[in-house]
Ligand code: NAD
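Single chain ahead, by itself, as structure tokens, in the form predicted alone.
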């Protein structure tokens, strides 16, 4: 049975005839669903429905919109385990990671609902007597949300909640690798009684649905999470139509380990952040830049820690790391493994697809470590998006910072040190949007903004206090209440 598109408050047949099968990345023989290859007509119907619903939704008070969103949140809370299992089925990540994603989604949505209730105006003295003036924020209209497969619940929840709380309506394209998670999220909105047209979902390729959601005059803003290459393409199209963009893109995140660091803590941090979701988080640690005096100790401890990790089906509670999310990702990571060895890096653990039962049924590559990695190697510069950690030597603190900064990306970083002066200097000197001291590169909280610099991000960052800012416009009112 072919799944449907969600348009104007109902699940409807796709206009497109083409379909595709989604398969469990841990067991490729298992078809999890058959989905439409949505087309321009599907996208057009969704955008028209969102445009028609905009006036009614924006006319509701923020409190009424919050009531609707709280119903969605209550349903999500009731179905935590069901949602986590769908994430693991489609994405492959461990149930532990999937449950953490559901928890994070609940917290971020709760925060953004509160932000929507806190959006107010600002008054200032005027030059004219008898004139009162204030500034407020108003919604934009139809918002396009294009979500990734690595956080298929958390990211659309983080984007859609402030968009809706600001009074906008939404057209949503889930990643083709995780359409079932997108459907599960939209089902919550439907069951919560969201008015028809306020939320719409179309499954389909980026070349058709994504392009339509990016360049249509009906769309007023695009919030995208994905690769830098795709993000650049979206911005080119959207900017030509004067559509604002919010782009959360790639990363090549470094953990810098100084000679005075707590090595055990640094090793645990590197291993956790490098291999969570098989290295497929944009905030994963992909480079460990280590001062020479502790390089050998760090590497030996890291190898011991990684060899204890169990790779397997994410639905197995004993699994530490699941499969890559599909055959294309498997091919990409496998090519980088070949490139790394060809460039002269030393492969010390992992490095090839796991075979034999049950591994030959899925997209499994074990946690992998390269040493002897130099800054200009491709594996040190390009986003691999897989369970591959490059260990790099630095002569001293200054060289460590130079190496950490010497990539096109600037999303996240971490430094491990007991020296407060070095820690504060690192915060000042590192070119990223998120910096951590003695913490995971992947750590974030709902109350703070999330976004990178350089090729990692563009536009107003999402989440935190700026979450709702991107989805609203300034308006100033002047009122003469007395003639002088």
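Positions refer to the first chain, counted from 1. In this text, all values refer to a predicted model and were calculated from it rather than measured experimentally.
This protein has a second form, the form predicted in complex with the ligand, left out of what is shown; the following refers to that one.
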Response to the item:
Exactly one of 332, 136, 405, 227 comes within 4.5 Å of the ligand in the model of the complex through a heavy atom, and that residue is 227
Worksheet entry | in the model of the complex, the residue from 414, 112, 214, 169 that sits within 4.5 Å of the ligand by heavy atoms | 214
Practice prompt. Give a yes or no for residue 385: in the model of the complex, does one of its heavy atoms lie within 4.5 Å of a heavy atom belonging to the ligand?
Written response: yes
Worksheet item: With the partner left out of view, is residue 35 within 4.5 angstroms of the ligand in the model of the complex by any non-hydrogen atom?
Response: no
Fill in: residue 156, heavy atom within 4.5 angstroms of the ligand in the model of the complex
no
Discussion item. How about residue 149 - does it come within 4.5 Å of the ligand in the model of the complex, if we only consider non-hydrogen atoms?
Written reply: yes
Worksheet item: Any chance all of 206, 248 and 456 sit within 4.5 Å of the ligand in the model of the complex, going by non-hydrogen atoms?
Response: yes
Discussion item. Among the candidate stretches 89-97, 386-394, 310-318, 173-181, which one is within 4.5 Å of the ligand in the model of the complex when only heavy atoms are counted?
Written reply: 173-181
